[in-house]
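Shown here is one chain on its own, the form predicted alone, set out as structure tokens.
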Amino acid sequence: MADGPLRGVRILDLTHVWAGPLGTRFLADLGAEVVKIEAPMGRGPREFPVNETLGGWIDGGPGDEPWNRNAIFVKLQRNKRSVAIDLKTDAGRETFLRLVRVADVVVENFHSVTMSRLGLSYEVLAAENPSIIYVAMPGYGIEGPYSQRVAFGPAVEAMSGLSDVLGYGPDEPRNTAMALMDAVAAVSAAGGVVTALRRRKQTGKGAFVEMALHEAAVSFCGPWLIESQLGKPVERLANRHPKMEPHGVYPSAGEDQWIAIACRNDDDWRALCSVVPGLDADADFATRRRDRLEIDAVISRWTSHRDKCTAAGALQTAAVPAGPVNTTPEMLSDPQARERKFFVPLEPGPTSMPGNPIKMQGISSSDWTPCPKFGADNAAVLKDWLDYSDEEIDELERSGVIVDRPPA
């Protein structure tokens, strides 16, 4: 496994979709030994009914093993090991409980009652291993009037209040449509794990950690919640900012090319005026707010005739916060990301994967491993963790309790 500060920590990862797998990927990147516990159909069927899946295929096509080439899945599973086991069987459940006895952490983001229905609730796992740290990531929590509801990122985002402040006018709320709250929950879950590990080191006690997707989303939306509680109106400002002027995204040369510019204070405004002709350097914030449409028009005339990177460079030279709105290919080829080697060429094909934003001594991507094939580590983990014999493993394989390809 990857080296790092969490090396030696054993995590059983039962998560799916994005929030949970991303959270456990953070932990795997930091050196934890994360074993992905996968259902026999966890990566989909042997034969996909269409030639495309959500997010496409690693290396451009489904190949002979499409279940191992789902791009979104692969992106989230690096530095992990895969054990594909049927937890609905008695033998599978018993094997999982034996793994729990020697694990440090279990993470799942199922519906609030799924683990209980499998007979694998926190109470059951804690009876097997009192020092286990169990992280549950239900959509709305394990109690409350919404606890039985199905949760998915875009719907949770809307319920968080974020969608109410996104959009270009009072009659046009927007949604990011990318399940942004899953990523927020992933960071919160990883933080919860390391906090519980530190607490266990101090007290010797395990923990039940509940991290509801909805509550992670609401915590992301603090500023306008506070404004509302203080009785102040919450405006839908589009690309504007309540305390900065000008602040927005402006057209640049080329089709659908843009640059973002922000003036935090009067110094930024005067610096902007030194680069963009036609602006009044003596205008204070109130004047700039009043005349914002005219100011935006002057800025747009200047930016629309310039390459977005060139314009951003000129503004940055004058110490004005500005940056080009990168497309995905431009983000991958951005000289800053390339110089810092942020994207890692870990998987097959031309596309690199996002690296680890945490930079510190002892953490490197040089020893990272790509997403394991489905069930690739069945035997290795059962031998390493549980001292299973070849005969025991063969019997689990023959009975279909552990598999290395989806059922036919």
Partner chain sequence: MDRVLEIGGFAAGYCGRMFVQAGCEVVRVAAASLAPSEHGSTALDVYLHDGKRHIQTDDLKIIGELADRADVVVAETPTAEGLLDLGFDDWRAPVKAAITPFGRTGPKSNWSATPGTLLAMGGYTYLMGDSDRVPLTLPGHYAEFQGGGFAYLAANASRLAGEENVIDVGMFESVMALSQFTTVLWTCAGEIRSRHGNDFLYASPSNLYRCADGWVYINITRDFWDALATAVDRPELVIDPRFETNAGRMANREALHEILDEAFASLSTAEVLARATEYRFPCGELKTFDEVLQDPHLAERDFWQQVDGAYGRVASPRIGWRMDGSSPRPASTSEREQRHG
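Because the structure is predicted, anything quoted here is derived from the model rather than measured. Residue numbers count along the first chain shown, from 1.
One more form of this protein exists, namely the form predicted in complex with the partner chain; it is left out here, but the text below deals with it.
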**OP:** Classify D256 as contacting or not contacting the partner chain in the predicted bound form by the rule of any non-hydrogen atom within 4.5 angstroms, answering yes or no.
**Re:** yes
Original post:
Contact between D64 and the partner chain in the predicted bound form at 4.5 Å, heavy atoms?
Top reply: no
Original post:
Would A91 count as touching the partner chain in the predicted bound form under a 4.5 Å heavy atom rule?
Top reply: no
Original post:
Can you check whether I358 is within 4.5 Å of the partner chain in the predicted bound form, heavy atom basis?
Top reply: yes
Subject >> Interface segment, criterion being heavy atoms within 4.5 Å of the partner chain in the predicted bound form, picked from 94-102, 334-342, 274-282, 292-300 >> reply: 334-342
Original post:
With the partner chain left out of view, which of A262, L87, M115, A126 would have a heavy atom within 4.5 Å of it in the predicted bound form?
Top reply: A262
Original post:
Out of 64-99, which residues reach within 4.5 Å of the partner chain in the predicted bound form, heavy atoms considered?
Top reply: A71, I72, K75
